[in-house]
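First comes one chain, alone, set out as structure tokens in the form predicted alone.
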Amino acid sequence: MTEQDFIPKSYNSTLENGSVKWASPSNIALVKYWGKKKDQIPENPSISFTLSDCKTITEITFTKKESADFSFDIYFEGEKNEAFKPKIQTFFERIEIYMPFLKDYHFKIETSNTFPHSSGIASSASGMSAIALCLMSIEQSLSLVTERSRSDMEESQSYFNQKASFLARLGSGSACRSIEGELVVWGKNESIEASSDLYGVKFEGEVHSNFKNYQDTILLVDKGEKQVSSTVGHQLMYGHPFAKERFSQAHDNLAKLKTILASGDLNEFVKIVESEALTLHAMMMTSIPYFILMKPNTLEIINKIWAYRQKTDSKVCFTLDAGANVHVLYPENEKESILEFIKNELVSYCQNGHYICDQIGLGANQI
């Protein structure tokens, strides 16, 4: 698929008004992307676990209008929110060529998260993917064809997901990995035949039963706003002295992880995932200007996890997003013991003792 494939030729239906509602999850990358080109194209591929319970729920109500400009209001957790408007305005401007109906309607966008506001969980992935899915549902209604064969419907669903992911990427890069589950690849990689820089694709390789219902407990070390945004961090990869090697490393690690997911080798899984997390933060610490998003308690938790693993031969590991919070990943058969470990030894390092229990999910769903 190319960008041109997502530009509709025409719509064969008209709508005066209506509403659509989607729930879309967050995701956590195992192989990280850091650095992007023009139009949100990643410098390197990534693969992520789709989460199950950390979701954004978005309802868009639309009404036909006459004026030829973008018109929308945003409500977050029931309150009108002006702070989100510039980001949505930019998003609409980027996707207008692919969604030519946008200026025909006034949109009321009502959104909320299942995880606490200001919890330190990145909501751009779940939030932008939820909006993209709602817009896709509206476009689907405008392009309604009543008689379709089963194969046509399956092809239509595949296109729906691809375009939703494509649109979501233009709002937030990682949002393109939130449409489907359980594992999603974004970025062209030789080892993943269907992979693309334009949208995320469901990982179709073999996945060992060791990774079924994999758990993610998110330790909320710092709920404050990051001192350096991810957007700025990505830009600092331009001219970074280690960028070329990092991009090559990500390609290699994704190919290795494909083999690990098939074999069920949890020891090798731990090595790749933790190395990727630390490499992400190493890129931040070696950029110009340099910065650190980890906090002292982030390091305390990492050391506690390493000590616990050495003592018990557990397969628990950590990963990090571009922030201070720690995602604790572990197999379902260790759930009871790891939660006990978290309560006894790690909770004291969380802000206000807060953490969120989640696991791998299947992707977004229409409500």
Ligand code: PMV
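Computed from a prediction, not measured in an experiment: that's the story for all the values here. We number the residues from 1 along the sequence you see.
The discussion below concerns the form predicted together with the ligand, not included here.
Check your understanding: Among H240, H234, K188, K295, which has any heavy atom within 4.5 Å of the ligand in the model of the complex?
Key -> By the 4.5 Å criterion, the partner-contacting residue is H234.
Practice item. Just give me the single entry in S137, S71, S124, N161 that has a non-hydrogen atom within 4.5 angstroms of the ligand in the model of the complex. Key: If I apply the 4.5 Å criterion carefully, the residue I get is S124.
Check your understanding: Taking heavy atoms only, is S172 within 4.5 angstroms of the ligand in the model of the complex?
Key -> Yes, S172 lies within 4.5 Å of the ligand in the model of the complex.
**Study point:** Exercise: L280 in contact with the ligand in the model of the complex, heavy atom 4.5 Å
**Key:** L280: yes, in contact with the ligand in the model of the complex.
Check your understanding: Can you check whether A322 is within 4.5 Å of the ligand in the model of the complex, heavy atom basis?
Key -> Judged by the heavy-atom cut-off of 4.5 Å, A322 is in contact with the ligand in the model of the complex.
**Study point:** Any non-hydrogen atom of W34 within 4.5 angstroms of the ligand in the model of the complex
**Key:** Answer yes; at least one heavy atom of W34 falls within 4.5 Å of the ligand in the model of the complex.
**Study point:** Contact stretch among 253 to 261, 173 to 181, 205 to 213, 129 to 137 - heavy atom within 4.5 Å of the ligand in the model of the complex
**Key:** Of the stretches listed, the one contacting the partner is 173 to 181.
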